[in-house]
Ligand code: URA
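Starting off, we have a lone chain in the form predicted alone, written out as structure tokens.
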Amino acid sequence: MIRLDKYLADMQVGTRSQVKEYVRKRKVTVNGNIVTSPDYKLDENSDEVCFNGERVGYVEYEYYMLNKPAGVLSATMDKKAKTVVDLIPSARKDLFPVGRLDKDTEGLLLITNDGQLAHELLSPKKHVGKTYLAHITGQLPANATELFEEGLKVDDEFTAMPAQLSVLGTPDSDNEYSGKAMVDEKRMAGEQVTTVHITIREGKFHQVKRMFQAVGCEVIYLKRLQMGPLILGENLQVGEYRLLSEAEVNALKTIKGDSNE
């Protein structure tokens, strides 16, 4: 059961206060009957709700993939900075990011209102893989891949779980690619830049940056490409978002049902 005003506000008919006014003005019906009480309780799965004669269906959970830009906070609200939820202006008010990306990190971020699924995806017991593209400066050790696979000792308090590191080489200066401006700046200063993919299965504070610092390198650009079965792809531009497909949602729920303990 759900309150009528919450039902309509969730479905973006208006703000909670606007919806209450619509109801009082007799613009809303439930199962063909005018309802004038905003706190009227209804069954969102079976009752038919109409606003101005148009049916308003209810979707309990929504799932968005966002290609997060740098400079935007992974939060629901902030008094000074733009948040990832601000980038989906037409979305319902109960959305939140699943996990976080650092303010200067770009890439895939799941936005939803499904708290249980978010909890499962972020659970340390699930070890959901997250793959990043990084441009780094400095000289990687010759055995860097092995060090990451064995579980890199980041500092005295943190040893990372085994991670997969793929060294892609030096970025092509003649082509456009993510983070090119930062790479070009470092190159002009005479620094060596290497592009890598790294997959981790935990989410400690600044983890990727700290892992490369531990082997004498610096991350100058970081972008998340994949989280579990979700792949960012090339069609979603920085700052854009889209609803997940049914297949993608089902794939996430399959992870939810795993028992990787």
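Residue positions are given as counts along the sequence shown, with the first one as 1. Quick caveat: nothing in here was measured; it's all calculated off a predicted structure.
The same protein has a further form, the form predicted together with the ligand, not shown here; the description that follows concerns it.
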Of the options 197, 41, 26, 206, which one has a non-hydrogen atom that comes within 4.5 Å of the ligand in the predicted bound form?
206
Quick one: from 101, 133, 110, 128, grab the residue that has a heavy atom within 4.5 Å of the ligand in the predicted bound form.
101
Indicate whether residue 230 is a 4.5 Å heavy atom neighbour of the ligand in the predicted bound form.
no
Just checking whether residue 66 would be counted as a contact of the ligand in the predicted bound form - the rule being heavy atoms within 4.5 angstroms.
no
The stretch from 101 to 109, 117 to 125, 166 to 174, 181 to 189 that lies within 4.5 Å of the ligand in the predicted bound form, judged by heavy atoms, is 101 to 109
